[in-house]
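As structure tokens, one chain now follows by itself in the form predicted alone.
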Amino acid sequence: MATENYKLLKKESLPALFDKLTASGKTIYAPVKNGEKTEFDVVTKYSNDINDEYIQTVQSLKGTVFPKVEKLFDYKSDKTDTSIQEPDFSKFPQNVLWGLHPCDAAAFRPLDATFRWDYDDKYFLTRMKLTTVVGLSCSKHDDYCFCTSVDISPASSDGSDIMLTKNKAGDYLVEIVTEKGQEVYDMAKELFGEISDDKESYITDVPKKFDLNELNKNLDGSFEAPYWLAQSMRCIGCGACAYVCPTCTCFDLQDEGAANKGSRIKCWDSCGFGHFTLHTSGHNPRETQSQRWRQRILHKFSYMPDRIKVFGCMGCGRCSRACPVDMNISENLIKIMEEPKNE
């Protein structure tokens, strides 16, 4: 395989790079060791606690651009007038998301498509504009990973502004992907060298479990298929899958306060919850868990590609790892490929 020209970032240069990013006013999120697990957290400097060999974190960094709870505006009302005060968008943080695997970096694409679908969500778009994504190729995987089945490579730069691949010496092959990535490079050019190498030799080989386009075709006309009930029998509707998913965007709007003064809040929700589609009349168009499981799968693999031209699953495997009753999404998708649509 032909080699390519990359920038070289020596591991000894990471502390200086982090110092420059922090000094420029950016908040850095990085994968940090937390006991036996690794989770993303805010760091102010580089340390040995930053883990660049993790397989996956429980939570993604979706919350940095789509917060779990976000105030949309404050309102005041009297007999003659109503006033609305939005947040100061100029005070939104400038974030550097360091060390995201390709499945997480690629997840910003369906998020962007969703929040631009029928209107431009300026809260999301402002946060996204202020975010720089430093991706990290995967050097290992587990049985829950299935990124290659949803057409993502363990070394894909899609969604990243800079892409890192760790070599055998512990240094990094660096790809400058976007203008944001170029800005980071220009900030610290003296820390980067040149290298010609083949990054494919340093990444893990994730086996492909199913064909994404064939799955999409198989779901067409599957609304009344019997497997929805069979697959959902263990589901307890806890919503863990949606909360750890890097692409789920269900949310609820709540007004907190009184009629004349308060705040409107946007907060995460899940189509797996029984009350998500409950009408004021008491009618619920998705009253059973099998209907809600069907909605989750069809939304990600049928409705989203049809409506906004992007699939809603990145193959990160978080939902399967987090599920308390061991519902493995890739196993269920394989069964959908194998089973008939109708009885």
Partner chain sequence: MSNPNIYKPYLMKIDKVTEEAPFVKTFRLKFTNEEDAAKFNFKAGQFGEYSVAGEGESTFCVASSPTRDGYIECTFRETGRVTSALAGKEEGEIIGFRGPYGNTFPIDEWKGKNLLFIAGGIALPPMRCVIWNCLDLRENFKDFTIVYGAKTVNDLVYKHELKEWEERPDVKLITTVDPGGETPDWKGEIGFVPTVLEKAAPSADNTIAIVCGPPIMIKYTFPILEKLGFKDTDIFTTLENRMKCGFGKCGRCNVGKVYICKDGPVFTYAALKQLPAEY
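Every value quoted in this text rests on a predicted model; they were computed, and no experiment measured them. Between two forms, the rigid core is the largest collection of C-alphas that superpose within 1.5 Å. Numbering follows the first chain given and starts at 1.
One more form of this protein exists, namely the form predicted together with its partner chain; it is left out here, but the text below deals with it.
**Student:** Which among 170-178, 191-199, 267-275, 99-107 is in contact with its partner chain in the model of the complex, heavy atoms within 4.5 angstroms?
**Tutor:** Contact-bearing stretch, as computed: 267-275.
**Student:** Indicate whether its partner chain has at least one heavy atom within 4.5 Å of a heavy atom of residue 210 in the model of the complex.
**Tutor:** Residue 210: no contact with its partner chain in the model of the complex.
**Student:** With a cut-off of 4.5 Å between heavy atoms, is residue 48 one of the residues that contacts its partner chain in the model of the complex?
**Tutor:** Because no heavy atom of residue 48 falls inside 4.5 Å of its partner chain in the model of the complex, the answer is no.
**Student:** Taking its partner chain as it sits in the model of the complex, is residue 182 in contact with it (heavy atom to heavy atom, 4.5 Å or less)?
**Tutor:** Although its partner chain is absent here, residue 182 would stay clear of it in the model of the complex, with no heavy atoms inside 4.5 Å.
**Student:** Is residue 250 close enough to its partner chain in the model of the complex to count, meaning some heavy atom within 4.5 Å?
**Tutor:** Flag for residue 250 set to yes.
**Student:** Is its partner chain in the model of the complex close enough to 6, 33 and 205 that every residue in that trio has a heavy atom within 4.5 angstroms of it?
**Tutor:** Checked in the model of the complex: no contact with its partner chain for any of the three.
**Student:** So which of 95, 222, 114, 139 gets a non-hydrogen atom within 4.5 Å of its partner chain in the model of the complex?
**Tutor:** Only one listed residue qualifies here, and that residue is 114.
**Student:** Going through 253-289, which residues have a heavy atom within 4.5 Å of its partner chain in the model of the complex? Please give them in sequence order.
**Tutor:** Going through 253-289 in order - heavy atoms within 4.5 Å of its partner chain in the model of the complex - the hits are 253, 254, 255, 257, 258, 259, 264, 266, 269, 275, 276, 277, 278, 279, 280, 283, 285, 286.
**Student:** How about residue 260 - superposed on the rigid core, does its CA move between the shown form and the other one by 2 Å or more?
**Tutor:** Yes, residue 260 moves 2 Å or more.
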